[in-house]
Every structure is written in structure tokens, then in C-alpha cells.
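Shown next as C-alpha cells: one chain only, the form predicted alone.
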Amino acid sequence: MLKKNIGKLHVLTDTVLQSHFSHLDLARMAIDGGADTIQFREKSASTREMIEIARKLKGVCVEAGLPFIVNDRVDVALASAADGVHLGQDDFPIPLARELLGTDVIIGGSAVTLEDAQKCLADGADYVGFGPVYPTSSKLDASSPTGIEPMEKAIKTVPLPFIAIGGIHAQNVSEVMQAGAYGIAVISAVCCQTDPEQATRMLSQALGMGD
């Protein structure tokens, strides 16, 4: 049984890939559509702007009773009292983030290989964000797609919840979950759609979370 509320449908808010919706718009629509975790992803704003947005997002998530996670930025997570932070291989070291944020905060780590996933475990991560599983255009610096088999092998080896990311949409959710993933994380599958709420609802239903 999980000690922390990791969530099965992580929606990453993004205003670089699209400009129709703000982070707050996306969070609210994703929550209305059934997302159970919101992750703030911002690469271009100033630190002050990020903290201001993150604090508002935290408020939205508190109202909905959902965990709020900040992508990459430990300082913004601290300043916004976020429930967690997600860190890539080249981001802030997970053990040091744990020292700063404490034992109760959720810390996710990114992995592309089995070795990466094992390092996440050794470093004290609460979950592994594995991928990109499929081709994706959401990250310009994304690695080549891993496919299903490497993730399935890592899941069998590393005793942490795996959140699959990269090119995931309603039509391939079942394949990912059958491989043993605990949940999924999406960016463009929600943020870049004309109706983010409905897009989230389709993913939620594909995960068996919907009505």
C-alpha cells in the first residue's frame, strides 16, 4: 500500500507548447476532467512569476483535495508549499531535495533506463517517471522512445510506482497499464487539445477512473 498520494493521472500544465490557456485554466479543466495530480511545468518565466503561479495552483489543488507537484524547481516547491517535486536526472539531486523538503513531501525522479530507475530508488524517490515511452514532441530534448518492454522490465525490478510519460493518449493507455505502470503523466494530450477538460476525461476513463 502506498504511503503517499502519488496519483494515477498526472497532468502537467504548460504554456510554452500552447498559449490558449493559462496554468490555472489548465489545472481547473484537468481537475474537472478527472485528473488526480497537477504538476506545474514552466521553463521560461522568472522565479518570482513561477512562485506566484505555483501558489495559486496550490490553492486550486487544495480546494480539490489533490496533490500539487512542481516540475524541476525545488525552490518554487518550497515557496508554494507544494506537495511534491519532480526531478530529472540532471536536476537538483533527490537526496538533497529530501533534506530540504522533508520526508512527507512527494519526490519523483525521471528515468529512461533500468539503471536510472534503480538510481531513483537508491536516492529515495517516491515514484519513477519513466519515458518517453512513445514518440513525443512535448520535450525538445527528450530521449528516444523507450517502448514498452524496457519499462516493463524496470517495473518488475524496481519496487516503486511507475508513472509512464511520453506520447501517451487515451488509445495507448491500456498498453501502458498492462505493462505494470501505476499511472500516467501527460502534457500535450491535455494542454494542446481544444477541450482540455474532455481530453482529461477520456484519459481518466481509459484508466478506469471515470464514471
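Numbering starts at 1 and runs along the sequence shown. All of these numbers come straight from a predicted model, not from anything done at the bench.
There is another form of this protein, the form predicted in complex with a further copy of the same chain, and it is not shown here; the text below is about that form.
Contact check for Gly124: every heavy atom lies farther than 4.5 Å from a further copy of the same chain in the predicted complex. Under a 4.5 angstroms non-hydrogen atom cutoff, a further copy of the same chain in the predicted complex has Leu78 among its neighbouring residues. Of the heavy atoms in Thr47, some are within 4.5 Å of a further copy of the same chain in the predicted complex. At least one heavy atom of Asp90 is located within 4.5 Å of a further copy of the same chain in the predicted complex.
Exactly one listed residue, out of Ile51, Ile31, Ala170, Ile155, brings a non-hydrogen atom to within 4.5 Å of a further copy of the same chain in the predicted complex: Ile51.
Checking 179 to 187, 65 to 73, 23 to 31, 155 to 163 against a further copy of the same chain in the predicted complex, the stretch whose residues place heavy atoms within 4.5 Å of it is 65 to 73. No residue of the trio Val16, Lys56 and Val60 has any heavy atom within 4.5 Å of a further copy of the same chain in the predicted complex.
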